[in-house]
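As structure tokens, the next two blocks hold two forms of the same chain, structure 1 and structure 2.
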Structure 1
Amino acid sequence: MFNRLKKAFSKFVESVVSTVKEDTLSEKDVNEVISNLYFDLIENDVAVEVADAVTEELKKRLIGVKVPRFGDKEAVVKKAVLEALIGVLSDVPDVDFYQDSKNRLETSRPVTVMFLGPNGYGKTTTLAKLAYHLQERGFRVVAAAADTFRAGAREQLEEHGRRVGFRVIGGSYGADPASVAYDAVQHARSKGFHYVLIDTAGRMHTDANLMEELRKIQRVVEPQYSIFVFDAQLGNEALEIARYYSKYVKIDGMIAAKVDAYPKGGSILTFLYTLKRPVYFLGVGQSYKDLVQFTKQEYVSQLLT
């Protein structure tokens, strides 16, 4: 996964190793090689301003690092870059969604999970995948069809429900999405379901009215988890989306979909760095099993293996 981004970092490590002259990394050493990394990050779809910020921070963290004159220079540099990168993302928590939400179930049942994000990125499919995995773990799940707008949205969720075996509440076209979601939560509460998964209509971050509507759903149902679903193939648009979405709504965690479409992986860095929220899962295909857990720790160490 993300082979090209990986290559960018190994190239960077190599060039640091070959430029370092003294036994600590000097500002000059780092400056000499960081601009290549900068362009490589952009080439791999990290948003330009995030690439700016990340290389700047990396630089700061790398200057002054001690490198032995003899012995395994590469291992030392690699470790330094790894630590620097982890440092850059230090305020992003890693959250195991299954464990975290299970803990919550002890005090509040149902746990409410809302899916949101721009058009066509994979919300509905990801919801169905999560329902599948939660049910595999023995939980009872109900879904709210709060996309009452897009043609075929309700039928799509219902068909997923039939295949995976979860019930779908509400969702006649044109209905108020907030009340659909609210009804589903009431239903789940009275019937003892563990999780309510709320599907919402895709919306462009530039549409203020639709963003307000999303905010209203959050106000009415107060979901424990609002999960932002993004297409892993995004480039610079990721930054704009992150900025606008976080202005309007609360985002607790994220899921990157379509990672199997061979994205370069830069969008994940952009979102982690900008939103400072955990990415819970990656979507890696169109079937229900294709949802894998994600940690930033693993992502970063993968980039530097």
Structure 2
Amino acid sequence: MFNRLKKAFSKFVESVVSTVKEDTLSEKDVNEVISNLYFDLIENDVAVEVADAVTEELKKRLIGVKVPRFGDKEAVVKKAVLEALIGVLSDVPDVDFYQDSKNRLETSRPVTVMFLGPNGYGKTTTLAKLAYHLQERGFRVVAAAADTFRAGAREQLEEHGRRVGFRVIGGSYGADPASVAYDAVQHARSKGFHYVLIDTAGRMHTDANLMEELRKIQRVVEPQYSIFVFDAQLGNEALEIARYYSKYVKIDGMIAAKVDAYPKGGSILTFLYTLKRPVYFLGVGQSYKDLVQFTKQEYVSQLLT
């Protein structure tokens, strides 16, 4: 994963090492190679404001760093780059969704998870993947088919439910989505389910009716987690849509879908830095098993391996 962004950082580290002429990295040493990295970041879906922040942080961390004359210069530079990237993301929390939601179950059952995002981003499939993993951990899951306007939306979710083994609560075509979500929560509460996963509509995001529909679901159900699912391949286009959503509805965290088909890697860095919300999971394949937990440390470390 993220091969292109990894290559950009690898090239940067090599360039810094080959530029070093003294025991200490000078401003001239760093500036000579930082501009190339900047353009590589932009080419790999890192937004301009994020590329600015990364390169500025790198300058702070690298200029004046002591470099062994005969030792492992690369290790010293990599450490500084790692610390710079972690520094840029310092105000973005890491959240272990499984542990965090398990803690919530002790005081609030069921835990309700609302999925947000445009059609085609992988929202419904991601919901089914999370249902699979929660059931593997011994939890009982029910889903709400709260996309009541798109033809086939309920049937799509029900097919996932049949394959994975979770029940779907739905309404008639055109029913009030908030009522469907509410009914699912009440059903879960009465039957002792642990989690309610709410699938929502994702038609054109600038549709004011859609935003009001999503806001109503949040008012009625008060989900503990509202998760924006974004297609990692769409880069800054997906970011602008997420920003639009965040003006109208609460976003607690994110899931990056289709990461297995995304060699660039920069959109994840951009989403973290810009929205200041945790990424809970990465979708890394077609199987229901292909949902992996995300941490900033692991992501940054991967970029430097």
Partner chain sequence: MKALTELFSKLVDKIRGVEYIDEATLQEIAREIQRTLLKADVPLDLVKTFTDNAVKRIREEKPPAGIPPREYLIYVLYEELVKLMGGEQPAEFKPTKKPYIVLLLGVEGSGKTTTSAKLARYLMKRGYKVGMVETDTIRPAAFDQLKQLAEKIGAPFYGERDGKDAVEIARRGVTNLKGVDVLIIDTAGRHRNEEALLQEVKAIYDAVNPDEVVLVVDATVGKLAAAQAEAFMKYLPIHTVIITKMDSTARGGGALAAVAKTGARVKFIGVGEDVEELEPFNPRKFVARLLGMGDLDALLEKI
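Since we're looking at a predicted model, the values are computed, not measured. Rigid core: the largest C-alpha set superposing within 1.5 Å between the two forms. For residue numbers, the reference is structure 1: its sequence is counted from 1.
- Matching the description of the form predicted together with the partner chain is structure 1; structure 2 comes from elsewhere.
- Superposed on the core, the two forms barely differ at residue 44: its CA moves less than 2 Å between structures 1 and 2.
- Once both forms are fitted on their rigid core, the CA atom of residue 276 lies less than 2 Å apart between structures 1 and 2.
- In the core-superposed comparison between structures 1 and 2, the C-alpha atom of residue 259 has shifted by less than 2 angstroms.
- Superposed on the core, the two forms differ at residue 29, whose C-alpha moves 3.9 Å between structures 1 and 2.
- A C-alpha shift of 4.5 Å is found for residue 64 between structures 1 and 2, based on superposition of the rigid core.
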